[in-house]
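Here you get one chain, nothing else, as structure tokens; it is the form predicted alone.
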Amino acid sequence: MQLRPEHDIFFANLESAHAPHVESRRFDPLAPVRAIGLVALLLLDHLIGILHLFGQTPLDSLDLLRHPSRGPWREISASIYRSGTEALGITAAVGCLIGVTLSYLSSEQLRSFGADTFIVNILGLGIVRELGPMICAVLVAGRSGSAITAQLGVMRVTEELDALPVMGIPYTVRLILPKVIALAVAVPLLVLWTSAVALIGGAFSAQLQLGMSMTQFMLGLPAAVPTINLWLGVGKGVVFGALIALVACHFGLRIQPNTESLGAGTTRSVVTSITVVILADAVFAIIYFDVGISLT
């Protein structure tokens, strides 16, 4: 079989081609130390970036109070609607299921000890103080936090973030401050909504399992759960909302102008937001461990 003249050049190159020589890497005993150092430097870099946003937000808020006519009120209103009103359905569904599940599992144990009435204490303290704020924070981090990061990331890809400083518009005022205020307002309201729906679901389950009427459950709730627990849950909602917004904005601003970075940054934003919320909840639990818990 005879080759065509135009194909000879390819076979000539194949004859002269050699497999590249791969040098064997020597064992580096300091490789784990270097890896830990790189991770520590990366965490420090992220911490400095979040602290920068955390410090800039109060300054922008003071400027907003001094010049309210220049405030981004439409952006704040739209962010509250997107992160609060549109999340009522999913938070109610999850809250109701959590309340029913917790009531069902607790009633089975309490029935064996003849302590049916303590179902009010378990559901009241567990939902109002811990589960309500945590459920809301996790849902908002996965829903609104990812949306914030994706929005800022798309603006980075389309170079809109670079155009704002050129036009003399600070992006912290127009993009970050509205989202922080919106989540700080919307999340505590969602906490109240979710806790109420979860308690109703738990009371309904207690009626089926223990024969406790809804009226008896609701009348015993104020005595079993001091009011300070409600304010503690609302306070957690404010802090969780602000932290989720700051973390989401931080990762959104660090998106590189490519689609791969957009997906990876959104994933890191959600994971970091949930982690920060859990750490903040642990701090709250340590500080207020003896507040609002009746031992009688």
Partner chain sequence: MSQDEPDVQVVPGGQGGKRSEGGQHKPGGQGGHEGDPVIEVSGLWTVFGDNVVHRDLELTVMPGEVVSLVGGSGSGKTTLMRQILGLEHPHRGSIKVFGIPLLGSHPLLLRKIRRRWGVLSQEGALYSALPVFENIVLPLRELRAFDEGFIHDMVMLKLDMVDIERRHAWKMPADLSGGMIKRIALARALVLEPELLFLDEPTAGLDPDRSESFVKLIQSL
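Residue numbers count along the first chain shown, from 1. As the structure is a prediction and not an experimental result, all values here were calculated from the model.
Another form exists, predicted together with the partner chain; not displayed. Remarks below refer to it.
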One residue of A224, L192, V185, L164 in contact with the partner chain, assessed in the model of the complex (non-hydrogen atom, 4.5 angstroms):
L164
From the list P170, G220, G126, G142, which entry has a heavy atom within 4.5 Å of the partner chain in the model of the complex?
P170
Heavy atoms within 4.5 Å of the partner chain in the model of the complex: which stretch among 96-104, 67-75, 131-139, 204-212?
67-75
Applying a 4.5 Å heavy atom distance criterion, does I200 contact the partner chain in the model of the complex?
no
So in the model of the complex, is the partner chain close enough to T158 to count as touching (4.5 Å, heavy atoms)?
yes
Answer for R111 alone: is it within 4.5 Å of the partner chain in the model of the complex, judged on heavy atom distances?
no
